[in-house]
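Form predicted on its own, single chain, as structure tokens, below.
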Amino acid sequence: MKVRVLFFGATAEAVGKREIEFSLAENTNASEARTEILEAFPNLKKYFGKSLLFAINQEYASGDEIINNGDELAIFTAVSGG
């Protein structure tokens, strides 16, 4: 199945793109998708490790959510104000 992955801020710089189409197996959950994306783009892992946030269709993902064909995934760093 195909999903759209959006990268914001520093993650877009690390990947070199703001948006990609990504293939996942059916019944992939959010945690598995995150792992696959980090493997495909090692700079994300190198620079950010586990501090990345992950969302599915504009909702924060805890990891257990099942991803569906056509979903929009987002990967971004935590933002702090001041």
Partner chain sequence: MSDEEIQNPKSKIQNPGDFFELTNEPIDVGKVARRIVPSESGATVTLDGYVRQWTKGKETLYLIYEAYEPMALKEMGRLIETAHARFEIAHVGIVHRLGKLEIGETSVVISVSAPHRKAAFEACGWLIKELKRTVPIWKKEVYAGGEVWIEGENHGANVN
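Here the structure is a predicted model, which is why all the values come from computation and not from measurement. Numbering follows the first chain given and starts at 1.
Unshown form predicted in complex with its partner chain; subsequent notes refer to it.
Using a 4.5 angstroms threshold between heavy atoms, F41 stays clear of its partner chain in the model of the complex. At a distance threshold of 4.5 angstroms between non-hydrogen atoms, V15 is out of contact with its partner chain in the model of the complex. In the model of the complex, F22 stays away from its partner chain, with no heavy atom inside 4.5 Å. Looking at I66, you'd find every heavy atom of it more than 4.5 angstroms from its partner chain in the model of the complex. Applying a 4.5 Å heavy atom cutoff to its partner chain in the model of the complex picks out E13, R18, A30, S31, R34 from 13-46, in order along the sequence.
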